[in-house]
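Before any questions on how it binds or moves, here is one chain, the form predicted on its own, in structure tokens.
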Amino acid sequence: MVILSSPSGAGKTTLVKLLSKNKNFNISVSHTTREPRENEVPNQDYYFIDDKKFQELIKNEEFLEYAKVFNHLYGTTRTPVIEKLEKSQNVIFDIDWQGADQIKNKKLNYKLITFFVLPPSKKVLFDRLSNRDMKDKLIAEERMKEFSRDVLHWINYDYVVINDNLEDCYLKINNLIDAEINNGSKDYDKEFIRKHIEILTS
């Protein structure tokens, strides 16, 4: 199991798709109560469901993890994930820190590697958010406020990567996964990450 989390707009969804294609990872498709964005395909990017259906899944304890993010609910159902893992297939998750914590606390009997993806700067993040489907500057600003809180959870992840260049960031994650699986040496500088966080949060 590999988890990628990041503040909104840092690029984790694109990285998850790359890893899925090139490393033969099955993407865990989340359920959500939000509306689809322009470029999203229902049942492929997300299972889009209403609040009532989501509450039923909570009640029936069907979620491996779920969380409220920007006033919408997101969750991963347990059965499809466990079925894939039991067939020795790798699963990759595109979830926030709340979901990552819940999966970690479940202590499932499968190897878990967690990554937190950061933007190179606050300005780059704001530009990405503004250029996305968020023509509304207010939404981008709201997500920037959330960013300052989200970023503090970096400490709970195995690795933190900076998505300055997509290809470089992908290769970094790829190499760290390989090193974890094969007990190889890891090119990872935690002190550099700590300094980058200080700049982002100052």
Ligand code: 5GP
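The numbering used is simple: start at 1 and walk along the sequence shown. Nothing here was measured: the structure is a model prediction, and the numbers come from that model.
The discussion below concerns the form predicted in complex with guanosine-5'-monophosphate, not included here.
The stretch from 106 to 114, 79 to 87, 92 to 100, 120 to 128 that comes within 4.5 Å of guanosine-5'-monophosphate in the predicted bound form, counting heavy atoms only, is 92 to 100. Heavy atoms of F70 reach within 4.5 Å of guanosine-5'-monophosphate in the predicted bound form, making it an interface residue.
Although the partner is absent here, R143 is a contact residue: one of its heavy atoms lies within 4.5 angstroms of guanosine-5'-monophosphate in the predicted bound form. Among heavy atoms of Y46, some come within 4.5 Å of guanosine-5'-monophosphate in the predicted bound form. For R37, a non-hydrogen atom is located within 4.5 Å of guanosine-5'-monophosphate in the predicted bound form, even though that partner is not displayed.
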